[in-house]
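For reference, the chain that follows is the form predicted alone, supplied as structure tokens.
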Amino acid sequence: MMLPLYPNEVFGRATGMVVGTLTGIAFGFVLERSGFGRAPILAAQFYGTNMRVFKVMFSAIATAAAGMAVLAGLGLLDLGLLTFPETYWWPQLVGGLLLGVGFIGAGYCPGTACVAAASGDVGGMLTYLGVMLGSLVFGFTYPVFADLYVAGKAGVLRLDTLLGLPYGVVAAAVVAMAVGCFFGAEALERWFAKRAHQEAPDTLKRPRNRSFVALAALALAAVATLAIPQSVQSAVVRTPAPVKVVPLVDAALRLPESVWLVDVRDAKLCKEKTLPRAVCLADLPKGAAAAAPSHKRLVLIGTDTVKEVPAALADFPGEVASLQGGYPAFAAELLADLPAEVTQTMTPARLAEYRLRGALHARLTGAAAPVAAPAPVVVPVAPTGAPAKKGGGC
């Protein structure tokens, strides 16, 4: 798997920030060229007289869904490393309502306000200022809304897992839905424009039809990749690769869709204490391993490093690993009190590792995170041999 590039550590944080900035500029350019920097076009979405916002955003969603399905089917994209936000029903419903009210009142959403502000629009600048002030007010009043903020937690919800269908099939269905909604949106434009005594926006049928053909080709390719056989390793010779405690727990908390933690210890021990997001082997239904998504990494948790894959998990089609040292190593490294070992002579890498370990310890136990450590002292190395020549010229 090559994609996504950043979680696969193809490049570092600095390069990631540059790529993110350039991607943001490109995104803003596309929004501006789509007319999203003008409030009348955005507000017309709510009156039904111009459905451009719906068309552009739905086409982007359909393209992304089908494109990811093709890349994942070809073995180039690891869907497990993509970050999917958790669903919180009540705060997201209330937040969506407030966003809609602000959208129709100002004529911009946060992203389009930024585009309009960059284009010199005063209304966009004022809207963006309002977004910043609103965020500041929410930060100060967060304790009042703390309970609402996490109400109705439903975890990570995805259509493919909810429906029990392959991701490629769901992506093709999204494309079909988008094409149908395009025609429906154009019919609504004509109807609402007629009621408002306005001219319906012109539809450029040739570019639209070309886009439909491209989306259909992507959808067919996504479904076709399902016929590519997945490489299933032999359970007889499979030896779980050891994985360390801190990186595993960090991945399980930040990217829960990337790993599948199964505690293979005795059922009683597992139910008493286990790793976050882990399931007990005794609770898994028959055939769960064969039906599990192959893009996840199965990590076995035992009383020590697990050397062999249990028979109940032998049909798992993906990568299998084992927690080095088992549950006792997890308890010793992240549940026990951290040693006070921060000094000014620690290397930056060791300091970063200690801080990550402290953050995980605080999250798992509720204890206070370790205080900010002093910056490492760089000890200069005395030069040896002849002194280097100084550069000359301009």
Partner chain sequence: MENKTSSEAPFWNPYLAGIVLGLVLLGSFVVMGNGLGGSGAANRVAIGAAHIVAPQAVENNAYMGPMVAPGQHILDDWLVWEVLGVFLGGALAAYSAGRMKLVLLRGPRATVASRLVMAILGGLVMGVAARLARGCTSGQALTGGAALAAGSWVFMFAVFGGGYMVAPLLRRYWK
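Positions refer to the first chain, counted from 1. C-alpha atoms forming the largest set that superposes within 1.5 Å between two forms make up the rigid core. Note that the structure is predicted; figures quoted are calculated from it, not measured.
Below: the form predicted in complex with its partner chain, not depicted.
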| item | value |
| --- | --- |
| Any non-hydrogen atom of Ala217 within 4.5 angstroms of its partner chain in the model of the complex | no |
| Interface membership of Gly164, its partner chain in the model of the complex, 4.5 Å heavy atom rule | no |
| Any non-hydrogen atom of Lys55 within 4.5 angstroms of its partner chain in the model of the complex | yes |
| Partner contact for Gly358 in the model of the complex: its partner chain, 4.5 angstroms, heavy atom | no |
| Selected contact from Leu226, Leu148, Ala290, Leu74, since only one has a non-hydrogen atom within 4.5 angstroms of its partner chain in the model of the complex | Leu148 |
| Contact residue in the model of the complex, chosen from Leu126, Ala278, Ala193, Val264 - any heavy atom within 4.5 Å of its partner chain | Leu126 |
| Segment assignment from 312-320, 281-289, 268-276, 104-112: heavy atom within 4.5 Å of its partner chain in the model of the complex | 104-112 |
| Stretch 127-152: residues contacting its partner chain in the model of the complex, 4.5 Å heavy atom cut-off | Thr127, Tyr128, Leu129, Gly130, Val131, Met132, Leu133, Gly134, Ser135, Leu136, Val137, Phe138, Gly139, Phe140, Tyr142, Phe145, Leu148, Tyr149, Val150 |
| Core-aligned CA displacement of Gly318 at least 2 Å between the shown form and the other one | yes |
| Arg210 C-alpha moves between the shown form and the other one by 2 Å or more, core aligned | no |
| Rigid-core frame, C-alpha of Met57, shift of 2 angstroms or more between the shown form and the other one | no |
| Note on Phe27-Glu257 C-alpha separation in the model of the complex, which departs from the shown form by 3 angstroms or more | farther |
| In the model of the complex, shift in Cα separation for Val150 relative to Glu257, 3 Å or more | closer |
